[in-house]
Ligand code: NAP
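As structure tokens, one chain now follows by itself in the form predicted alone.
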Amino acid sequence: MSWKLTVIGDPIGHTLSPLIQNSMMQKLGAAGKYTACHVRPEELPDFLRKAREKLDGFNITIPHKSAVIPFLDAVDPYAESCGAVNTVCVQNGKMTGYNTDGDGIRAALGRMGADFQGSRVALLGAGGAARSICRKAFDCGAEMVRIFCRNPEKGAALAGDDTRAEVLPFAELSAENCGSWANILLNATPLGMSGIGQDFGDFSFLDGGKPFVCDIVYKPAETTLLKECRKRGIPCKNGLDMLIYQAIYAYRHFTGAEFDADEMADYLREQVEAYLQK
């Protein structure tokens, strides 16, 4: 079989998904091609109609992760709880949606020796990525998720009615209620990302403890947050592993292929890092 796969978004020029997925297919000896497709919001219904006939699957990035759901024939329970889909499988004209972001962050943390089970999680941000992470943390037995955000309504939506969630204003980030409290600290905001022009104004919230820190930003590879963590001897990593693992789990949904995810992640990391250094 020759797989016909793509990723859609608006914008889409920045995506690394074709590099990752095509490298994976080449490594596994699979036939097919993975492309990127610029789909504006008003073009989404037409794209989905054509996808039923012409594609075996596709990934979804901003701004379509929630908008696509009403058009699907079925949605995985975890993706439904997130209110977001990043992977769609097409079989016999039927489309099923999944979300692999949560498994991506869990695997990335696992490579650091961290686990949501029984952990206190400080989650910075309340956007789409944060929602997927929060739901996965709850599903995996986190003791508490403390959500720091600028929009209290988004934070409340993230927490839902789960008594293990606590929402605090972003301005209340401090050593006392974050760095010294958390076992895991996750930055799900764009702060520090290349081209954004915004960063954390103060990093004292890292003080007082040594939580595992994961920044979902991967461009630049070394954000100021990670630099500040290293100064303090705090174990940390950028978002590249999350990106790679979510792609691996998406590929498994598309193809049903079984392979060692960690070995594949190591291979893909080499490919992506070489590309980013060009």
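When you see a residue number, it is the position in the sequence shown, counting from 1. Bear in mind that the values here come from a model prediction, so they are computed numbers and not experimental data.
The discussion below concerns the form predicted together with the named molecule, not included here.
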Exercise for the section: Spell out, yes or no, whether the shortest heavy atom distance between I62 and the named molecule in the predicted complex is within 4.5 Å. Expected result: yes
Problem - 4.5 Å heavy atom contact, Y218 to the named molecule in the predicted complex - result: yes
Exercise for the section: Look up in the predicted complex whether A188 has a non-hydrogen atom within 4.5 angstroms of the named molecule, and give yes or no. Expected result: yes
Exercise for the section: State yes or no: in the predicted complex, is some non-hydrogen atom of G97 no more than 4.5 angstroms from a non-hydrogen atom of the named molecule? Expected result: no
Exercise for the section: Would you kindly say which of R120, R106, K154, R164 lies with a heavy atom within 4.5 Å of the named molecule in the predicted complex? Expected result: K154
Exercise for the section: Name the single residue among A142, A130, A84, C89 that comes within 4.5 Å of the named molecule in the predicted complex, judging by heavy atoms. Expected result: A130
Practice task
Could you tell me which stretch in 174 to 182, 73 to 81, 134 to 142, 120 to 128 has residues with non-hydrogen atoms within 4.5 Å of the named molecule in the predicted complex?
Solution key: 120 to 128
Practice task
At a 4.5 angstroms cut-off on non-hydrogen atoms, which residues of 195 to 211 are near the named molecule in the predicted complex? List them in order.
Solution key: Q198
